[in-house]
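Included below are structure tokens for two forms of one protein chain, each presented in isolation as structure 1 and structure 2.
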Structure 1
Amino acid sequence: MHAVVLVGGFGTRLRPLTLSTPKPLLPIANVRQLEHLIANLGTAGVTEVVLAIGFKPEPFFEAFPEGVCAGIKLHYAVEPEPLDTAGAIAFAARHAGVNETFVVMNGDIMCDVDIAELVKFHKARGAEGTLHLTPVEDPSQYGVVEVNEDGWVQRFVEKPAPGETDSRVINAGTYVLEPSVLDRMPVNQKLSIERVVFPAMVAEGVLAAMPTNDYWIDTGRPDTYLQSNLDLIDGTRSLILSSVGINSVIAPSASITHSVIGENAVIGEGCVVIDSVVLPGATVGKRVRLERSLVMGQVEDDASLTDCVIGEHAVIAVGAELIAQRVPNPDEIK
């Protein structure tokens, strides 16, 4: 079975981290997010993954030079220009010659859904498409779904306005689709699956959905990206990964609490690191305090960062005290 993984977004909300690394290639507990997703797809019997790449393909080629990720063969489908979700899915599926039931996954989520179950649910109903659904507190930033008792979608509203729907159940970003869905998507045309294709399928009564209550998080914001890292080291999920990456150098007097330290990162004497992620290759000087922060660049001695996001080439000066700042500030970058 094929799967298409959508990796073409700009990762705007995670800047400055995504200025140097596409979001799906950022590590979560020292394993690239894409690798987590593809491992889950592999468990469900997916044998080939097509990466739907909207722009800047080189980091993906470099990350997987053998064209293999989590033991699964990769195809790279690079759109002539970003084609939006449906355009990208169609471009990728045609690129790989998909002609049977296939899976689609947004590349910016982490979840424990049993994809084999989703495929079974889809086939049992004879649906043309089946969505995975998850409940959230605030559905306004998502595709909100109304579903009947038999698992058929009655309504799909992308980013609903206040009061537009009472449902708190959202499209969780994993789909099972029949190849006939591709006929709804013209060749090389920009098209949104959420705003155009799903509502059309709902109108025809051919879109099913399976709600689950297992782990799900959208990793697209600094706070949720941080959370997705911590959830993998503290037993929130069934999988528990090591919080310390290989070849990292942590001074014996540093105190690290509930944090992930990336491969090849350096943490100096007397540092206090709490609820933070120090990304691979980052350098943190002596007596630095980090709390709820994401650090990719360099932090010099005696600095203190709370709720900050520090990009790859940034250098935080000796003794700086920063609260809730992004460096460099993405709003000032053209």
Structure 2
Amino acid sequence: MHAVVLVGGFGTRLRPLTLSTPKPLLPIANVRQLEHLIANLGTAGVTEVVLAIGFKPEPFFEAFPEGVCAGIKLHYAVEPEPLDTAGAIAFAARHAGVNETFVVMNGDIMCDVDIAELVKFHKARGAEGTLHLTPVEDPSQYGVVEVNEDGWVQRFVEKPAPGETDSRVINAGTYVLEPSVLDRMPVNQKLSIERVVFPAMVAEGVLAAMPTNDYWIDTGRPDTYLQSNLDLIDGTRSLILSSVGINSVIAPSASITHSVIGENAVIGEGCVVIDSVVLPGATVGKRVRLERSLVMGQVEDDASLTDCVIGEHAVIAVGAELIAQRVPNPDEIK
């Protein structure tokens, strides 16, 4: 079975981290996000993953030089121009010759949904497409999905006002599709699957949906990317990974609490690191305090960072005190 994974986004919300590394290749608890996702697909019987790449294909080639990720064969489909979600799915599927039931996943989610069960649900209903749905506390911030008791999607409600709908489940970014869905997507045409294709399928009564209450998080913002890391080291999820990467150097006097230290990172003497992620290769000097921060670059001695995001080539000066800042500031980058 094939799976198409959408990895063509610009990662705007996660800048400056994504200025140097595509979002799906950022590590989550010292394993690339894409590897987490593809490993999950492998448990459902996926044998080939098609990466729908919109820009910067080279980092993906370099990350997986053998064309294999988590034991699964990779097929690269590099769009000639941005084609939106439906256009990207169609381009990738056609590029790989997909001609049977296939799975689609957004590349910026972490979830524990049983994909094999989603495929089983899809086939049992004879659907043309099936969505995975996840519950949210505040549906007014999302586009929610209304489903009848037989599992068929009735309508989509974008950012509903109070009382507009009883639904509290949203599109979770994983789909099972029949190859006939590709006929709804003109060749090399920019098209949204959420705004155009799915509503058309609802009108024809061929789009199903399976809600679950599994772990799910959109990793595309600094706060959620940070949370997805911490969730893999503190028992929030059934899978627990190491919080300290190989070849990292942590001074004996440093205090590390509920944090992830990446491979080849350096943490100096007297540092206090709380609820933070120090990414691979980052350097943190002496007596630095990090709290709820993401660090990819260099932090000099005696600095203090709270709720900050530090890019790969950034250098935070000695004694700097930063709160809720991104360095460099993405708004100032052309």
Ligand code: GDD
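Structure 1's sequence is the ruler for residue numbers, which start at 1. Definition used throughout: the rigid core is the maximal C-alpha set that superposes within 1.5 Å between two forms. If you're wondering where the values come from, they're calculated on a predicted model, not measured in any experiment.
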| query | finding |
| --- | --- |
| Assignment: the form predicted alone | 2 |
| Core superposition between the two structures, C-alpha change of Tyr142 at least 2 Å | yes |
| Glu100 C-alpha moves between the two structures by 2 Å or more, core aligned | no |
| CA of Asp183, rigid core aligned, shift of 2 Å or more between the two structures | no |
| Cα displacement of Asp166 between the two structures, once the rigid core is superposed (Å) | 4.6 |
